[in-house]
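Here's a solo chain for you in structure tokens, the form predicted on its own.
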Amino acid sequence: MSNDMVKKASSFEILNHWVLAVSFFVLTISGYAFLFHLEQVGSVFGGFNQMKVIHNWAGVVFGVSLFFTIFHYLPVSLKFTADDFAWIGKAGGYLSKKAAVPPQDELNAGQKLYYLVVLISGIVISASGIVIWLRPMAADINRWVLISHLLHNISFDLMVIAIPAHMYLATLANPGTFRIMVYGTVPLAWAKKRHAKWVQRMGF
């Protein structure tokens, strides 16, 4: 690592991020095809039966990948400080260039909230997906299958709002952020501006 670059993500975090992203897009495309019965999309997967198999196992990959994020991101995301609440109050400075944004840690307050939304939605969508996949046929279980469909769709809606917003904020809105998930490093000056507390704690 050169003197003006700092490590922001490990190789495993980068790999897991891409596994999570790819599995999400496979699930999104196939999920929309099921919801709206899109024959052309189904044919790309080899038919609806084959698409169901792919969707189910992509869901397993997504769930496992999401589980691995817990060890690093959850402890960070649960620690909200006065600076985090002040950051939220000023919308991270996105609404005004004159806003003085409080110093942030390894994740800013917006990233913490985003992760918690994705984690909770991901757990709900994975759990409900398993119920739908196993689909018990006993009469007293059918109610839970219907509830699972409802929770599955609500969680899906939350994620298709949150993740595109995350993609925009990680690219166009914040140039330099995307390289974290490619190289794992960021310029030290960039890190000091956006994650001053983390940089100070790491001793840079």
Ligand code: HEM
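Just count from 1 along the sequence shown to find any residue number. Since the structure is predicted, the reported quantities are computational estimates derived from the model, not experimental observations.
This next part talks about the form predicted in complex with the ligand, which is not shown.
Comment: 111-119 is the region of 93-101, 125-133, 78-86, 111-119 lying near the ligand in the predicted bound form, near meaning a non-hydrogen atom within 4.5 Å.
Taken together, the three residues L35, I147 and F156 all stay farther than 4.5 Å from the ligand in the predicted bound form, as judged by their closest heavy atom.
Contact check for N142: no non-hydrogen atom falls within 4.5 Å of the ligand in the predicted bound form. The closest non-hydrogen atom of T171 lies within 4.5 Å of the ligand in the predicted bound form. By the criterion of a heavy atom within 4.5 Å, H17 is counted among the residues contacting the ligand in the predicted bound form. Using a 4.5 angstroms threshold between heavy atoms, I70 stays clear of the ligand in the predicted bound form. Shown without its partner, the chain has F62 as the single residue in segment 47-64 with a non-hydrogen atom within 4.5 angstroms of the ligand in the predicted bound form.
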